[in-house]
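Take a look at this single chain, the form predicted on its own, given in C-alpha cells.
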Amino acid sequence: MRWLILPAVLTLAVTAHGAEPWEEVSGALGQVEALPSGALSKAELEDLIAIGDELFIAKFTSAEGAGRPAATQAILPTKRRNPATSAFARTSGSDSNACSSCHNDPVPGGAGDFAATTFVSEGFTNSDFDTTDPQFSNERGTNHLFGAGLVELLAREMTAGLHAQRAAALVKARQTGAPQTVDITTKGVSFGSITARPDGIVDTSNRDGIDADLVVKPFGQKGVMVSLRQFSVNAMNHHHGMQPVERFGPRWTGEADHDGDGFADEIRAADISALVAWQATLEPPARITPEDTTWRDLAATGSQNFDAFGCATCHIRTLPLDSLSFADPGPLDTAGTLKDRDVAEPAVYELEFLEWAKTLERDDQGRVLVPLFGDLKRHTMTDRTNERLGNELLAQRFVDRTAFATTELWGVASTAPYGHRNDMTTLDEIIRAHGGEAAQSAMAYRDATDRHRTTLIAFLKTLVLN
C-alpha cells in the first residue's frame, strides 16, 4: 500500500496551502499526499474516512478556489459564454459551499428538504439561465448517502453478471451461426432481453430499465451516475466551483485553472478518494422494532401489505452481495473520472472492518443480504391517468423523462419530503403519485381500507437512518 497522510497534529493546523487557523479557507484540502492504493488496513481506512468526513462538511471559500467565473456547471468541461455576474446562482450554480449544505437531514450524509433541491440543465453548456421553468432545467431533490458503498458494490456485481450473459450469448451465436435471444437477469432483477448475432452485433432494443451498455448506474434520481467517484467529481464542480484535477486539469482541458479563478489544481485525486471512502463506508439504514405495541402490530401487518400491494416488485427487500471489498477507483467509470485502469493499483476498502458490517444478514451461500428495498433499475412512473411525477420536459442522459430509478426505501422514514423534487410531504402522497409500471400497486393502495393504508405507512416508518 502506497500513500501518506500528514500527522494528525499537523492536520489540525496546516493545510496543503500552508494556511494558518485565522485564514479564510476550509483547511480540509491536501491532507492525503498521494493517491491511496492497495489494501488499506483498518487503521488506515479509519484515517482516510476521517479526512473524507472533514471534506464533506468543509465550507469551501473563494480563497481556495470556490466558484467558477469562467466555467459552467457542465459535466464535460465547458467555458462560459458570458462572464459570471455573481458567484452563486440557485439554478445554474455554484449553489453551495459544502456537501453537507444539502446532504444534512437528519445528519451529514443525509437527505435534504425542498430548499436543497438542485437544477440539472440537460446539455450543460448554457450557464446563464436563471429560471426554474422546466423548459430549461430539471429539479432534483437531495437523496441520502447512507449505505451508498453497498449500493455501488451491488451495481458492479450486477453489471458483471449482465456482461457475462452478453458474452455467453455472443459465443453461442458464433458457434451456432444463429442469433441468440436471451433474457438478462441478475440478482433476481430482470432487465429484459438481448439478441446476439453471429457477426458480433448485439441488439439491445428489448432491454428494460437500463442503458444499451448494460451498466447498472445506481446513483441519481434517473439512475445515470455509475459511481460515488463520478458523483463527487460532478458535484464538486457543479455545486461548489471546485474543479477536480482528474477531469478539469491539464490531461483533459490542457490547463490547470480551467475555471479562471486564479487557483490551479483545486481538488486533487487523493481528496476525491477521501470523499469516496467516507461515503462508501457510511452505515446502511436500519429497520427498527417499535416499542409502542400498537405501532409494532400495525407495522407487522403493513409488512404483509407491502407485498400484497405489489410494492416489493420494484422495492425488493434485499439483494445479495458477494463481496464487501470496495475498490476505488472502480472498473466502470468513463473518461473524465479516474478508473482502475488509470492507476497502478486501486485502493481497496474492506467494509468488513466496519462495525455495522457485522449486523448484516447473510444467506445460506454466505452472501450479504443488502436491505435496500430497491432494484437499481429504471421504471416508467407516469401514465395518462396519473402524471404527478411527469412534470419534466427534458430528458436526462437520454433517459425518458417519465422514467426514474427505483428509490431505495431504506431510511425513508428519516428523509421526508419525497419525490424527485422533494415536493411531497407525506408517504401517502408519494404512493398515490405512482403511475405507469407502478399504477397497479398505487391502485391497490388507494382502494384499500384506511386501516390497511395506515399499516403500510406504519411499516415504512420503521425504515430509518441510524
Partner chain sequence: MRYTLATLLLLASASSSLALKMAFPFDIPMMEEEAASAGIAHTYDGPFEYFVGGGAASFDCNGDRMADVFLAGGAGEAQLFINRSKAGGALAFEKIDPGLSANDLRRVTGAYPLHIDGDGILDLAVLRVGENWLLKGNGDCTFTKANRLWNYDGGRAWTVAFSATYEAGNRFPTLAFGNYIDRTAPGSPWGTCEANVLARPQGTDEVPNYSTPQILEPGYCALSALFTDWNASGEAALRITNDRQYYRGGQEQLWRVPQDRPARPYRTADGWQRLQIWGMGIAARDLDADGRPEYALTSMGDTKLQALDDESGEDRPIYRDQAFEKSATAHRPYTGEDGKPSTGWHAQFADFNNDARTDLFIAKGNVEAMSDFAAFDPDNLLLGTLEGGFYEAGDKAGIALKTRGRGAVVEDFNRDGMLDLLVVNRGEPTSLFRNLGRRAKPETDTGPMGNFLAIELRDETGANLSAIGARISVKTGNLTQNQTVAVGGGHASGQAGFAHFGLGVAERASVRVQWPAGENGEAEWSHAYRAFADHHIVITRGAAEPLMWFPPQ
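Keep in mind it's a predicted model, so treat the numbers as computed, not measured. Residue numbers count along the first chain shown, from 1.
One more form of this protein exists, namely the form predicted together with its partner chain; it is left out here, but the text below deals with it.
- Across the options 252 to 260, 277 to 285, 184 to 192, 382 to 390, residues that bring heavy atoms within 4.5 Å of its partner chain in the model of the complex belong to 252 to 260.
- None of R90, R296, R207, R317 but one reaches within 4.5 angstroms of its partner chain in the model of the complex through a heavy atom, and that residue is R207.
- Site annotation in the model of the complex: the residue of A405, A438, L48, L29 reaching within 4.5 Å of its partner chain with a heavy atom is L29.
- Within 4.5 Å of any heavy atom of its partner chain in the model of the complex lies no heavy atom of P179.
- For the chain shown alone, A115 is not a contact residue for its partner chain in the model of the complex, no non-hydrogen atom being within 4.5 angstroms.
- Although the partner is absent here, E266 is a contact residue: one of its heavy atoms lies within 4.5 angstroms of its partner chain in the model of the complex.
- Although the partner is absent here, R362 sits far enough away that none of its heavy atoms falls within 4.5 Å of its partner chain in the model of the complex.
- If you take 54 to 93 and check each residue for a heavy atom within 4.5 Å of its partner chain in the model of the complex, you get I75, L76, P77, T78, in sequence order.
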